[in-house]
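As a starting point, one isolated chain is supplied in structure tokens, in the form predicted alone.
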């Protein structure tokens, strides 16, 4: 890839902070910027994750000595430094559905010209992102959406597994997530609760942290999610693999323990050209955390995005149409 790619992370919750740790392990990419609602930190020479780890969950990256800046529009301030940023990972809250697409639209219109990757989960949000294709292509942005674990790693596995068959009957994704405490992944947990019966994106957005905690208490910290509105369906449909109605996503989230309550699997059932029905199963190791399975693929898609960008390929791509590359 040549020169080290300079990465900005928008969002400093659980995924954002863990992305900083992962980038510490890489030589091809360097974290130069990270922001949250309190402000941002910027250092063209690189931001070691230790500086972010030293903060409590409530502290803003704006308080990092020497490189942190308090402000009300961190994204706007980072856009002023867009020429010093090659790639952006969006680890901002996914709610409401329009939020991330609006951020991306703003960045395109204000002159960012690099690679962007998200870990969006909801079908509607990805549909909105795909609609930005023409705008992003015109502004020379290479964008990969749904590039986390599910959608992302497991969606890509389904697209690959489909090659054994001439007809796909079903794709079933069942995930297990264990988190030590919900404070570290507030935005992610809120999004999961929005999938539960009796809840909606709007209702969850209006709930206080205390109300979320009370809901988790009622459920002993366990969220069981079925028939989720998950973007694996639209991504696999857009890739021509299978119609969205044949894709089912669900799982179990334990918000009180880092141990996975169940193993994460992708099962694809299809008919071969000989007329035989079979199922491919892809299982993630229980020892891999949510952060490892989201941030790792996101960086792999980021590297693929840089390759696409270097070839003049711009616009919106998905985790089922791009093969992630492994960054050193």
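These numbers were taken from a predicted model, which means no experiment stands behind them. Positions refer to the first chain, counted from 1.
Just so you know, the form predicted in complex with another copy of the chain exists too; it's not on screen, but the next bit is about it.
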Tell me, yes or no, whether residue 71 is in contact with another copy of the chain in the model of the complex, where a contact means a heavy atom of each within 4.5 Å.
no
Do residue 53 and another copy of the chain come within 4.5 Å of each other in the model of the complex, heavy atoms counted?
no
Just checking whether residue 280 would be counted as a contact of another copy of the chain in the model of the complex - the rule being heavy atoms within 4.5 angstroms.
yes
Give a yes/no on whether residue 286 approaches another copy of the chain to within 4.5 Å in the model of the complex, heavy atoms considered.
yes
Exactly one listed stretch (75 to 83, 131 to 139, 158 to 166, 96 to 104) reaches within 4.5 angstroms of another copy of the chain in the model of the complex by non-hydrogen atoms, and it is 158 to 166
Quick one: 153, 272 and 293 and another copy of the chain in the model of the complex, is every residue within 4.5 Å by at least one heavy atom?
yes
Let me know which residues along 229 to 252 have a heavy atom within 4.5 Å of another copy of the chain in the model of the complex, or say none if there are none.
240, 241
